[in-house]
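Only one chain is given next, in structure tokens, and it is the form predicted on its own.
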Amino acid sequence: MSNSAKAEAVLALHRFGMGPRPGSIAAIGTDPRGALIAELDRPLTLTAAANLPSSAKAYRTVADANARRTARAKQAQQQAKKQQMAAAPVMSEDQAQTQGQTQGQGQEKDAAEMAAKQAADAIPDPGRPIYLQEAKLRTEAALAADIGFAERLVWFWSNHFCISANRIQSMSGAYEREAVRANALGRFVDLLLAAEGHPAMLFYLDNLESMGANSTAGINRSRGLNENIAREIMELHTLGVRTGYTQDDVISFANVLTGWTLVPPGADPEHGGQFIFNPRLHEPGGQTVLGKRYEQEDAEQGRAVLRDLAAHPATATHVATKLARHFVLDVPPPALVEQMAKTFRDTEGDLKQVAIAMVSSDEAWRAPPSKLKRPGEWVVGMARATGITIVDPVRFTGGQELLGEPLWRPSAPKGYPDDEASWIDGVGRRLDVANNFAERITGMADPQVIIEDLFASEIAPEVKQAVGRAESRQQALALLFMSADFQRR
């Protein structure tokens, strides 16, 4: 294998994959581009996911636990009040005033509230264990992947169509599996429909009780329209900013999406948490979005708008730009973006073909590894380099939070940023993580082996020198993990 082939293999694993792991250079070295494309032909399904609940089941499980917590708290509070009344001495009005009845009532209230809290806390929150199981499955899939290109695409689209576990923890992992993973290598329109119609997205972007002013519920309840989901779909998920849509388009689209909600878990213990179209919330009549009139009834009106947004030329450019920015450069080559956008348009949004167009283009390979990896990619890369395949989800998610990228918890609907300026200030915190990780794996990982086998010695001379002069194996590993060769792609 020539040095140029080795260098391209290393770049492929860092830029497009999850980082090298033992044996990966030898496996893809003769044809890195072909290996990337071949990985897209393999199924993205996770067999272990069969043991995890669906998003609706997870939602019902948490809702049921919350209902039991509330009931137990009320029972404990009532019982505490009965006991206090039974134990209270009979006093005249003058005696009660003299002994400070108001103070006693305050103490009794505090005791009742404490009893209620203890009773509620006795029922554990099932949302956290579900979240950790999902995190473990997702991370181990990235560790086990031959290259990780397909997994990176799942991560990319999950961030593009992000929700937040801070709002809907129980559904966060299942949403990625059901809406994103199932469509990440299919057609963009199918991914768009799956993401926007998923109960987790409707919950996250406040569409559950959005109602048209002239809908039955809007008239009876005097509630209003919520524009969040319509605005984010246009600005973030499809067209992009400054692409010609107006505030009137946002309002019309928001009216189109009224009625997109979920089945309340308390009302239906079997189907609670699933998508449902509620006609009582839906604004009646046609709507005009981007100059086109939509007269469809029920949920088909929203789906028709989404299909047209998916096919809009601005969407092709927006998606191509974001993909190229994520994988290649903060300011991606215009020729690469246009080539990917053209493929998007020509194939009616075939995301697999867009990904193939990206890795087949020389433009995607010319730039040196200068793009800073996001924390999640970097942490997974360290684990892959040492051959780890099983993770502790508590430790992993804690590390992600420390590094400023808590799993499925972006601070806004635009997701985590993909530019260096947003992450460079946090590089110092990576040193603590690198040191702690190096200490834990020092007996199972040799930095010289990582340099020779996982990097095929395609690493800066000064890094080799620093690692060779390190005072301990732990220090050598930490230096290697903190090097630009390891942190950039």
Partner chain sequence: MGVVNHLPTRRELLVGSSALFAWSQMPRIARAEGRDPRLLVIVLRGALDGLGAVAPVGDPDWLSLRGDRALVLDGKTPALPLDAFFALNPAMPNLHRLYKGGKAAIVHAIATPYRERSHFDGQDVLESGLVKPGMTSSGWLNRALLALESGGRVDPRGSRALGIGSVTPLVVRGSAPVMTWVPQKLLPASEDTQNRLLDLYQHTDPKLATVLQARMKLASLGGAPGTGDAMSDDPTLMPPGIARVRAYFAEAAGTAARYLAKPDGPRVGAMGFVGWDTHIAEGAASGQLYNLLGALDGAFAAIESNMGAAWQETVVAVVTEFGRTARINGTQGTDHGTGTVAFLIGGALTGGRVIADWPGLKPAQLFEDRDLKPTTDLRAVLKGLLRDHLRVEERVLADAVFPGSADVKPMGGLVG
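Model, not experiment: these values are computed from the prediction. Residue numbers count along the first chain shown, from 1.
The discussion below concerns the form predicted in complex with its partner chain, not included here.
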Mark residue 428 yes when one of its heavy atoms lies within 4.5 Å of a heavy atom of its partner chain in the predicted complex, and no otherwise.
yes
Would residue 11 show up as a contact with its partner chain in the predicted complex if we use heavy atoms at 4.5 Å?
no
Does any heavy atom of residue 24 come within 4.5 Å of a heavy atom of its partner chain in the predicted complex?
no
Report whether the minimum heavy atom distance between residue 439 and its partner chain in the predicted complex is within 4.5 Å.
yes
Should the three residues 185, 206 and 322 be counted as contacting its partner chain in the predicted complex, with contact defined as a heavy atom within 4.5 Å for each?
no
Just one of 450-458, 33-41, 428-436, 58-66 has residues with a heavy atom within 4.5 Å of its partner chain in the predicted complex, so point it out.
428-436
